[in-house]
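Next up is one chain by itself, shown in structure tokens, the form predicted on its own.
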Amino acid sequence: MLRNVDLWTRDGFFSTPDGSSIYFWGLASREDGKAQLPGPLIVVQQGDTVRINLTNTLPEATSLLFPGQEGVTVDDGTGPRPVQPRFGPGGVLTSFTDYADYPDNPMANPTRVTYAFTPENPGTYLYWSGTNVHRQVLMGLHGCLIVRPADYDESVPARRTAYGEGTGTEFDREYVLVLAEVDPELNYNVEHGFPYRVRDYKPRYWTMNGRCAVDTMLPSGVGYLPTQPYGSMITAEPGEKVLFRYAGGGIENHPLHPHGNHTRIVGLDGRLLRNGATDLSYKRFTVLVGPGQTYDQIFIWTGLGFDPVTHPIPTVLPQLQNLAVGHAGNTLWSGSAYLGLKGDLPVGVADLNDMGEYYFMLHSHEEVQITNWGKYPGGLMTMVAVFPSGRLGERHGRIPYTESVPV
């Protein structure tokens, strides 16, 4: 089957919770669409022929690399050929792969190229610019590629897997977290055409799916974040298998850790952790996501089943007057220590808890990465929300089977 994906390079601005608006370069999935951070999520199937059409509108040549994919070809209108590095005068490397030129180049090179490949292995992958990588990737030209196994079937639980039936990678819900960082000085200098020394790169913001906390916890597709369409809030019910897909889209290491339970790593860089019949998956408290790395993990939350009548918590719970509740007048606490129940809260405190669910933080263990320019909370932080059984709809934790998500 042939899968076509159309992408346009664009510039735009993204928002941070402290009120900043930062210039960036990104990718749009429609000719009249906005750039988005990260680039559109691309979902294809193992064995499909994938064609990605890249049209460049930025003031310099751009390209796309697809790490983990073999046999990638490019077509600039003269016919397909294997991708290869590009060199300028004196044999100086100008791009790691064939590129789409910028519109005003007097050499009149094509501004649209088509990359094609057939993914042989399921898993989670990144894609990013292969031209002026030290600038373009950091400016936002990167995204995530999911390759479904050949036997994937959303409606059959045994085939709703990350790596195929019988691999132990079944899941009930799945979430993608693309991690990156931003030095506003780089973005400002690119916007205004000023020089910038990459050795001076110093991030001030850290993004999860293009957003800084607390915006990470907002739903996907909110209208006031038009260039940051993907949320990062994870929802599940007790006992469900939740697939976390981590992808390191920047140049820093990000030690991520969810509260509530360890994760079991089942895949690394798009490869199943299995040697024949031997299961090589393993559990981790914290996963260090390096630049360009991807991790596929299964998270399961199973509580102790406390309820106030038949299985009460075996300790004396503090009274309301002995609790410090909320920050800035709101709280995610339900007022009850029991899953699915709600209790009393102090007068004037807004309850953001819908139905007595539990909230566990998922965040970076490097403290500066959970700030927005030094102010806590921010950066690489979101929540895992565990809802009472039977209360979440099927739309939660479902990634559509589509080539790209329009903005």
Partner chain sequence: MVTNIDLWAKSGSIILPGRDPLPFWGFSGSAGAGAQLPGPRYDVMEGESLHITLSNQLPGTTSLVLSGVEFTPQPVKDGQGRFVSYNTEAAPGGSAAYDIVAARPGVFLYQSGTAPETQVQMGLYGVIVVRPLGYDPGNPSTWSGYGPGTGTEFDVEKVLVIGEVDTAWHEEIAGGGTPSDYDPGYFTLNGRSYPATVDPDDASSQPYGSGMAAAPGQRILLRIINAGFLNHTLSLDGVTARVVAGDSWPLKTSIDTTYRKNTITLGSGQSYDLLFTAPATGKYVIYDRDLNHVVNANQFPGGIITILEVT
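Small disclaimer: the values here were computed from a predicted structure and weren't measured. Positions refer to the first chain, counted from 1.
In what follows, reference is made to the form predicted together with the partner chain, a form of this protein that is not presented.
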The partner chain contact in the predicted bound form: Leu65, any heavy atom under 4.5 Å
yes
Is Ala337 part of the interface with the partner chain in the predicted bound form - any heavy atom within 4.5 Å?
no
Considering non-hydrogen atoms and a 4.5 Å limit, does the partner chain approach Ala162 in the predicted bound form?
no
Any of the heavy atoms of Tyr224 lying within 4.5 Å of the partner chain in the predicted bound form?
no
From Leu332, Ile300, Leu218, Leu268: within 4.5 Å of the partner chain in the predicted bound form by heavy atoms is Leu268
Contacting member of Tyr201, Phe117, Tyr152, Tyr102, with respect to the partner chain in the predicted bound form [4.5 Å, heavy atom]:
Tyr201
Triplet Val92, Val137 and Gly290 all within 4.5 Å of the partner chain in the predicted bound form via a heavy atom:
yes
Heavy atom contact within 4.5 Å of the partner chain in the predicted bound form, the stretch among 207-215, 237-245, 80-88, 144-152:
80-88
Do any residues of 261-283 have a non-hydrogen atom within 4.5 angstroms of the partner chain in the predicted bound form? If so, which ones, in sequence order?
Leu268, Asp269, Arg271, Leu272, Leu273, Asn275, Thr278, Leu280
